[in-house]
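Listed next as structure tokens is one chain, alone, in the form predicted on its own.
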Amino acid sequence: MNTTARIWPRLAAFAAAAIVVQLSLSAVGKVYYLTQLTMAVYYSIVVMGLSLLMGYAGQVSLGQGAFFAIGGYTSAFLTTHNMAGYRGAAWFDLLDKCGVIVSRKSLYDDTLVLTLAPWLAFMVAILLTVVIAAVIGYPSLRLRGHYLAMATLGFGLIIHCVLIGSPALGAADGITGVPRLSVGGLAVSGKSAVRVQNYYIAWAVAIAVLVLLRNLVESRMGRALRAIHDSEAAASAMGVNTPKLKLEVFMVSAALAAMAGSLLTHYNEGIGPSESSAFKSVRYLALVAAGGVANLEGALVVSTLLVFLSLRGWFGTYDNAVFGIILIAIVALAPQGPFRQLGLWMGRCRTLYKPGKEARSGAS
């Protein structure tokens, strides 16, 4: 039985839960909750990528917020920066002939704005992030220890300072007026008219990422990653190219963060420098621990729930404190994640109350 067939019941459960939530909120007149749920699902994609890196490659990254911001800012800049002044340049004419230059009216006046097509900006954002991740990860991942965590923390701080101090990127205000991302008949946009559609788009992307990562960890590459996690020296002795494999996984996690950042930027129609803060990266790390370090499904569910509650402001000024208490409780009571612990409890219950066992007990 292939991996997709094995996880089909889980995927069906996720899809059914998403549909039930949407129908329930629509029935009680609180469909506006879908806005924060959609945002939470996009954030959970970052957490799943980090779960892969931490749970299977045994590496810690404190720069996921920076990669998220690079993806978002790249898409925002390329789709809002007016390139009309470059008319006549060879590279501009080539892009125009390829049909990837789009025109629209300025938000503030009738000026014609020429920008890169959102779908191409989305691809450029992911590609740029992967290249940057390779540059950072190559020297760091060839060494053992927590060099990657230190390198990504420093990188994240640099990116945050650059974003705040760059007028071209909106400085402390960020970039606004980002157009929607349209692919076929679907559009990633935060407009209320397409709120339900975008809720399902977000879940479709998240489930697709889950399938991709689950197939990866069940493949030969996944087995090699688990060997690295258990003992890097033993994996190297068995012929596993540990630096190359760790770098590839790091690039995958960075690409997922950039993808989520770009999609959420189009959904929110803007992005600010707070997305690149060190606190954001630490929170992603905490969400991985809360969902179970090597539990992709747990990372998706727990991060979506906790981020949604945070975005709704249900805990007010005590948001960080409550988040910390929940995290401590989960780590203390269910260190492998609440869902894995729940599965263990259910397994024990089935073992204790098997019909055959009861019959044998009665006969004796």
Partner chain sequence: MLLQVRNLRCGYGSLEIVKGVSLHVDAGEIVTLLGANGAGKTSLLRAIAGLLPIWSGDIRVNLRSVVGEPPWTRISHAMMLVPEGRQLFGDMTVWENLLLGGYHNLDRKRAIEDVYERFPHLKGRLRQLAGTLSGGEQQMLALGRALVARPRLLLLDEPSLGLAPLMVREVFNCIKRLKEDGVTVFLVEQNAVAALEIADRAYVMETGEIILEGEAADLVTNPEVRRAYLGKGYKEIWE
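Only a predicted model underlies this, so the values are computations on that prediction, with no experimental measurement involved. Numbering follows the first chain given and starts at 1.
The following text describes the form predicted in complex with the partner chain, which does not appear among the structures shown.
A.B. asks: Taking the shortest heavy atom distance, is residue 167 within 4.5 Å of the partner chain in the predicted complex?
C.D. replies: Because no heavy atom of residue 167 falls inside 4.5 Å of the partner chain in the predicted complex, the answer is no.
A.B. asks: With the partner left out here, check for me: in the predicted complex, does some heavy atom of residue 80 sit within 4.5 Å of the partner chain?
C.D. replies: Output for residue 80 is no: heavy atoms all beyond 4.5 Å of the partner chain.
A.B. asks: Can you check whether residue 233 is within 4.5 Å of the partner chain in the predicted complex, heavy atom basis?
C.D. replies: Yes, residue 233 sits close enough to the partner chain in the predicted complex that at least one of its heavy atoms falls within 4.5 Å.
A.B. asks: Could you confirm whether residue 227 comes within 4.5 Å of the partner chain in the predicted complex, counting heavy atoms only?
C.D. replies: Taking the distances in the predicted complex, the answer for residue 227 is yes, it comes within 4.5 Å of the partner chain.
A.B. asks: Under a 4.5 angstroms heavy atom criterion, identify the one residue in 243, 174, 179, 190 near the partner chain in the predicted complex.
C.D. replies: Selected residue: 243.
A.B. asks: Select from the listed residues 98, 90, 238, 112 the one whose heavy atoms reach within 4.5 Å of the partner chain in the predicted complex.
C.D. replies: By the 4.5 Å heavy-atom cutoff, the listed residue in contact is 238.
A.B. asks: Can you check 217 to 225, 192 to 200, 90 to 98, 267 to 275 and let me know which stretch has heavy atoms within 4.5 Å of the partner chain in the predicted complex?
C.D. replies: Looking at the other structure, the answer is 217 to 225.
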